[in-house]
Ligand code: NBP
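Only one chain comes next, encoded as structure tokens, the form predicted alone.
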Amino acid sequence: MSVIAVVGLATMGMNLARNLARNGFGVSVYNRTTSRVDDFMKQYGSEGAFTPAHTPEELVSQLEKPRRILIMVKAGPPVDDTIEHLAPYLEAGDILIDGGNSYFLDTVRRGKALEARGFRFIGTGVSGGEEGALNGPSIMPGGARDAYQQVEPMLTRISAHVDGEPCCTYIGPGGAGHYVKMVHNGIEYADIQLIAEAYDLLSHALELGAEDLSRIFAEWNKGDLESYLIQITSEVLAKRDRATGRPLVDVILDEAAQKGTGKWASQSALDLGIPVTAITEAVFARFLSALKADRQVASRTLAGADGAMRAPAPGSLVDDVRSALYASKMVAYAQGFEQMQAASNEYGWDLKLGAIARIWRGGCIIRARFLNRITDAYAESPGLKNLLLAPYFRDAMASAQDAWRRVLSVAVDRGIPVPAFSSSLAYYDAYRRERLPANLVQGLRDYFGAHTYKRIDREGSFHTRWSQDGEEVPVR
């Protein structure tokens, strides 16, 4: 008998099944297109204790009770379809695990519906891509804790490990696991956009080619910026196109695609009232990149910087961009963690932010040396309101800010768009201001819409009859 089933044998499902088998677990495999089951067994059947299934009834009959089924299909209706495909053959207490990138409110809905039918449901974020799924991802399970306890030995075993600790922990009830994965992906969007802006700025301001930039990113990966994304940036920039002999990055079309998780993170942040400006700018940058035809017309129509500004010293600009990248990265993470805390408060999840940072240190796409700093910050101050207030981040931002401002000056002078860099600095400057111009915003809102305002010198709400007699009146 198998201890777990994997349903859905695309790249992630296939590699998670192989990971489970390599770690000694008996795995039943099933795909609604059954030829994929046969192909999988031919290619990987010798790697472990796999049992093929060609019908849901056959699959369920192969599993130990309570049955544990990991669903790895495309987010959205396919998840609901797969659940309904399997449900007639399941019994009370059986456990369904959705390991795809599902929207967290869909996970909440599914969990309630399945619980009403006697089943248990775990919405699980899985990060690491193809390689991580096979060799050890970061795993973010949420849902019923008793259900998680039934699968914990398997999930912790197949996850990445850092310093002997598994990159897997129980996140919280309901949709908490998928929510944390959503924010993870939002931070990933911001991180990638910041890296792209650093590449673009150095490429155009200093006229550096991909080979030179590859060496710069490789050097950065030896310091505080050490991370999976910085590492693979160096590798992507070093790759040559076999057909043309040019750097491959130079022949890739400049249209960035997305699957929606970054957009979901921004939408949720708007609902919660949390300013995740770095993530949102990264999402907008992808939208703007998709307007390729429009940009081609605009490039021949709209005026820009004339390029006559004094060229910066190459070494100093490279160092400045490194500092700006690190500072902006700190802002993106601070915003993401603030968003998770707000969601935890809103939905009653009791998220452990330090534990989340700890399981992101290995396996996942945003794994980085930087995450140790975040783990330490929450260990020292569990109630920390914003990462930027922790001593390490406070001091690092202070050290980086002059370089950060110089980088933006160079970018503006040369007409090089750096939306994530600039919005991150704007957030930092706004967050550290005791008084913002929102007082004028409230005055204007009160003038045209009688929305009221509060005063700095006494309690209560007030409205001024601006266009009438000019009198201020208290509002109950």
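The first residue of the shown sequence is 1; numbering continues from there. This is a predicted model, so every value here is computed, not measured.
Heads up, the form predicted in complex with this ligand isn't pictured, but that's what we're talking about next.
Location of this ligand contact in the predicted complex, chosen stretch of 65-73, 420-428, 47-55, 405-413 [non-hydrogen atom, 4.5 Å]: Heavy atoms within 4.5 Å of this ligand in the predicted complex occur in 65-73.
Option touching this ligand, based on a heavy atom within 4.5 Å in the predicted complex, out of Asp241, Glu115, Asp81, Glu255: By the 4.5 Å criterion, the partner-contacting residue is Asp81.
This ligand contact at Gln150 in the predicted complex, heavy atom, 4.5 Å: Output for Gln150 is no: heavy atoms all beyond 4.5 Å of this ligand.
Heavy atom of Glu130 within 4.5 Å of this ligand in the predicted complex: Heavy-atom contact with this ligand at 4.5 Å: present for Glu130.
Partner contact for Ala265 in the predicted complex: this ligand, 4.5 angstroms, heavy atom: Contact check for Ala265: no, nothing within 4.5 Å of this ligand in the predicted complex.
Any non-hydrogen atom of Ser461 within 4.5 angstroms of this ligand in the predicted complex: Ser461 lies outside the contact set for this ligand.
Contacts with this ligand in the predicted complex - residues in 6-28 whose heavy atoms fall within 4.5 Å: Residues within 4.5 Å: Gly8, Leu9, Ala10, Thr11, Met12, Gly13.
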